[in-house]
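A single chain comes next, written as structure tokens; it is the form predicted on its own.
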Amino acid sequence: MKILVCIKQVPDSEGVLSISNSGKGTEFEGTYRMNHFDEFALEEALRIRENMPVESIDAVSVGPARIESTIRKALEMGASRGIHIITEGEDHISPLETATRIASFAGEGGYDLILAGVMAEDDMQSQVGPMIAEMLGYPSASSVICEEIDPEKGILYAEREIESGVRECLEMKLPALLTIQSGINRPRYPALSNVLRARAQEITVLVAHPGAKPEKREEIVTFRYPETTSKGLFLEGDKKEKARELIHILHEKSII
């Protein structure tokens, strides 16, 4: 069995994100890291390998040169190989472009199972995984919280979260694609042996061929900050004065 895990590099929440001068992009000051939802997907692939023979677990990511650090993090966690589909510059890459590039690579890789996080923390669009499945003609399930594989029959059983805590149970034939929900497992800390291996291991860098870049279907028109809501009011004085003032305000607003 060959498994492909799709990972994405996202800005760390402790950094400073601002709108660029053009108003059509963003600027980020801080560090980048692996998307947390993708960590659950990678951990699930590693657990599958612990329970059955797996030829390789490949981690693939699309983006500029800086995402190499995130691919190496996947190698440190235990991935067999890292694949970097490189892009130029820091321009926004739409989910369709990302999915098309990954599907173009995966279609030639002979993968039995493709895993991805349920969404990316930066745009929260949840589109790349299902798009890859559609392009490859694979059965798929999103928001998967439990999975089991029968390698002899080539059958995958999956449970996915839907509204009100209800689970939908599915069976599908391999090859298939799953987007993994958080909570399905607990991502491991990298072992020292994997960290040392990842430092020396070469990452496969690919340039997407022209056929893997679809016609542009969306364009960012503008970014803007949320409108300022009404500000809070701080009451001054002792407890009795604050209480009288509060009652007065609530009377004025016909609340009491």
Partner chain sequence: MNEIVKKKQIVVIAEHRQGNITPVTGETLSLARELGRILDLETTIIIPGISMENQASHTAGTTGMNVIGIKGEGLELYNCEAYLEALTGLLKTADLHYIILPHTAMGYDLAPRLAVRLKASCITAVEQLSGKGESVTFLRSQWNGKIILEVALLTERKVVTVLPGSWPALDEKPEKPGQVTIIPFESFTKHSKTTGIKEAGRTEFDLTKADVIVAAGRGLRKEENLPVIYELSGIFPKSAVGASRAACDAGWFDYGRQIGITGKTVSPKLYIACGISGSTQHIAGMKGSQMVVAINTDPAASIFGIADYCIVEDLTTFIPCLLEEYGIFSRRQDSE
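Positions refer to the first chain, counted from 1. Fair warning: this is a prediction, and the values are worked out from it, not measured in the lab. What we label the rigid core is the largest C-alpha set whose atoms superpose within 1.5 Å from one form to the other.
Separately, the form predicted together with the partner chain exists; it is not shown, and the next lines address it.
Exercise for the section: Among 217-225, 62-70, 197-205, 45-53, mark the stretch whose residues have heavy atoms within 4.5 Å of the partner chain in the model of the complex. Expected result: Flagged stretch: 217-225.
Exercise for the section: Decide whether residue 22 counts as a contact residue for the partner chain in the model of the complex under a heavy atom distance cut-off of 4.5 Å. Expected result: Close contact is absent here: in the model of the complex, residue 22 is far from the partner chain, nothing within 4.5 Å, heavy atoms only.
Practice task
With heavy atoms only and a cut-off of 4.5 Å, decide whether residue 89 touches the partner chain in the model of the complex.
Solution key: It does not: once the partner chain is placed as it appears in the model of the complex, residue 89 has no heavy atom within 4.5 Å of it.
Practice task
Flag residue 81 as yes or no: does it have a non-hydrogen atom within 4.5 angstroms of any non-hydrogen atom of the partner chain in the model of the complex?
Solution key: Contact check for residue 81: no, nothing within 4.5 Å of the partner chain in the model of the complex.
Practice task
Using a 4.5 Å heavy atom cut-off, state whether residue 101 contacts the partner chain in the model of the complex.
Solution key: No.
Exercise for the section: Check each residue of 238-252 against the partner chain in the model of the complex and list those with a heavy atom within 4.5 Å, in sequence order. Expected result: Heavy-atom contacts to the partner chain in the model of the complex: 238, 239, 240, 242, 243, 244, 246, 247, 249, 250, 251.
Exercise for the section: Take the rigid core as the frame of reference and indicate whether the C-alpha of residue 238 shifts by 2 Å or more between this form and the one not shown. Expected result: Residue 238 C-alpha, core-superposed: shift of 2 Å or more.
Practice task
Could you tell me whether the Cα atom of residue 247 shifts by at least 2 Å between this form and the one not shown after core superposition?
Solution key: Yes, shifts by 2 Å or more.
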